[in-house]
Every structure is written in C-alpha cells, then in structure tokens.
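Quick heads-up: it's one chain on its own, the form predicted alone, in structure tokens.
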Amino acid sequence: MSLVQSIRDIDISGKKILIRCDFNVPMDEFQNITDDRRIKSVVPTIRYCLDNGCSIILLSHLGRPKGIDEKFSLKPVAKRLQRLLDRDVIMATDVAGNSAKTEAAKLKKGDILLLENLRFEKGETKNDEELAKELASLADVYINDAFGVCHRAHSSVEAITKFFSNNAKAAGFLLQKEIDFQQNLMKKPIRPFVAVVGGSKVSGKLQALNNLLPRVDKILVGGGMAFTFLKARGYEVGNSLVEEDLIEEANNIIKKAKELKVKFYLPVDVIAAQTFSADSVIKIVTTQEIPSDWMGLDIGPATVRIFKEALADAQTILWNGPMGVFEFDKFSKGSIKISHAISEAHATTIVGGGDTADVVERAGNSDEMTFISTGGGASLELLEGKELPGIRVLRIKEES
C-alpha cells in the first residue's frame, strides 16, 4: 500500500510553509461566519508549524465567485483565525500579485499570512501551472490540509505539487486523519458494519453503494434516493423524486445485496406532502399508500424505529446523506432522530461531510460522533473507491 507523506515525516523547522486550507465556510448576508468548523479543524497543523519556528502562508477558496468579488473575500476568515489563534493574521489583497509577494517576502518566524480567495484567479479551477508556479515560489514547503477539495484537480491542490520536491510536500494533520479513517473503514471495519445512505439522488451515490455492498453487513437507505428503489420494488410512489433511468440499476443493487447476504433496508412509511414547501400540509403514509399527487419528503416514524433497531448492534456506522428535506423543519425529524440514534450507538461513527455534517450539527450531536468528515464530495469519492487528485500527488513510493 502506498502511503501519503505526513507533515511529521518532513523537516519543516524554521521554513516558510504554504498550507492549502479549506476555509469555504457558510456566511450570512452580513458576511458573519455561521459555522467555523472548517477553520478550527486546520488549527492543529498551523500550531505545529508555529511550534517549529515556521512562517506560514495560508491559501483557500470561498464560494464560486465570477472574478474578484468583495462578497467572497476571505477577510472575515482572517478575523476568525486571529481569534482562534490569539495572534495577528496578515491579509494580502490578492492571490499571486504584488501584495501576496511583498507580504510573503517580509514574513518572519511566527508570522501568518492569508492570501485572498484563490478563485479570484481564473487559473485556479483550470489547474493552471503558471498560477501554481507563482504560488509555489512564495514558500519552501507545501502542506495540503484541505480534504474538502482533494477531489478537484485545481492549481493549489494538484499542479502546485510539481514545484516542490518529495521532501518538501506533505499532508497536514486533518488530511492525514481523513485518509486514515476512510482507508481503515473500508479495509478493516469492526463488524457489524452498517452504512446509512441518504440524499436526493441515486445517481450521486450509485458508485458508492456498489463499492460499499461487498464491505458492509447492512445498508439503510433514506432520503429522496429511496423512492427509486421503492419504485424498482413495484411500489407506487406518487410524485416523489424518482430517477426512472436508474430503476434497473436500483434493482441490480437490491439483487446484489441479497447475493452477498447484506441486509438492505428501505423506508416503510414516509412524511408526505402535496408541495415541496415549508408550509405544506403533511401526513404520514406507508410506502405502499402514497397518494398519486403527493410526494414523500422524509422517512416516517415506523421507519425511524426500524432503522434504530438495525443500528442497535452496529460496531461501525458510516452515514452519508440526510433522510429527508432537512432544510425544512417539517421534514427534518427523520434525519435528526437518525442522528441521535447514531450518536448514541456504542460504535465507531463516521459522518460524511456536507449536508450530513450540517444535520449532525443541527441535532447537537457533533461531539458524540467519532469522526465528522470536512468534505462532502471528497468523502463520497473515497467511498466510491476513487483515488483523489490531491491525495495521489502526495503519495510516497510503495514500501517494498
């Protein structure tokens, strides 16, 4: 097995370190950060560099700006970082221009510089080598601690590594933790291993389901994707979300689960409504009795009970995807009750990032989970068995 080189494996003492972070945090309309988990999670790597007498340059993107846009500035992140680290964070006014170069050149031991939003530069998402070279020229060592973008071949993630020798690039503590958790989970989970899979579409989770089947003991399916499976089983699901072109594929997954003796759970009841809105009238119906002009928008109470029982003996639980339209309070109960059940289980609990992490936060269960991934898309691609571009470039040679 080839390994990813960790920041502990290389000599960083007294050097200028470039750390790719994931500060893509949610903000309200006044640019107040509403959830700083992603900022907090990179603090151990920053502190380790400070303890080793380094000066630090932080890189991140925020949102999807079309060119330079003050609304997507990283200034609020610099402020929050200052509070978390209790020290000054210098803010550059650009990414690879005069400000970044001047400020980087002036850095002394213990100084921290944050460059502006990487996506203010068009070349970032195009994996542009010129931009990567400019960024690389600012420092001696490159550390990737941004798991959330490792599935993207972007300049600051992939191309940049070409400009650092093997002993001058590595994974930060957060990235290392993400890789270790996901690899151990898929290779040697403690059994019974239960996967709880949700979200709106089967298409987004198809490869992950196929990759999970030979490895798990039970799969619990909720969210909008459940209706494609229910339709494949011959149920009438009304106006619920169904991917007609994937019904055959859904059937194949159910068959494969049976062959592999994996217990495959689908909802037995749902919270249904006539419209996809927060103020629609709702009713609880079994999955066999969804009216033709109604749609299922959350798992029902009987399903919650059955899912809880299926989770009771689990030793390892992986959860990726909400059980309903959790953005609306009316349709969030299923997700929140499953979050409580998973957090109370005597098991190793791993939560895929993105929406699932938001559900866990809203349910107040974050501290009870063993591990919450910081990357939704990235953790899903690892579940699919893919090697992520940002991780592949940090691999060291296979051990003989």
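Numbers follow the displayed sequence, beginning with 1. Keep in mind the model is a prediction, meaning the values are calculated, not measured.
One more form of this protein, predicted in complex with a small molecule, exists but is not displayed; see below.
Of the candidate stretches 156 to 164, 169 to 177, 304 to 312, 221 to 229, only 221 to 229 has residues with heavy atoms within 4.5 Å of the small molecule in the predicted bound form. Residue contact check for residue 205: one or more of its heavy atoms lie within 4.5 Å of the small molecule in the predicted bound form. Although the partner is absent here, residue 241 lies within 4.5 Å of the small molecule in the predicted bound form, judged by heavy atoms. Using a 4.5 angstroms limit between non-hydrogen atoms, residue 73 is distant from the small molecule in the predicted bound form.
A residue is said to contact a partner when one of its heavy atoms sits within 4.5 Å of a partner heavy atom; residue 297 meets this definition for the small molecule in the predicted bound form.
Only one of 201, 233, 191, 255 comes within 4.5 Å of the small molecule in the predicted bound form through a heavy atom, and that residue is 201. This chain is displayed alone, yet in the predicted bound form one of 326, 147, 319, 142 has a heavy atom within 4.5 Å of the small molecule; that residue is 326.
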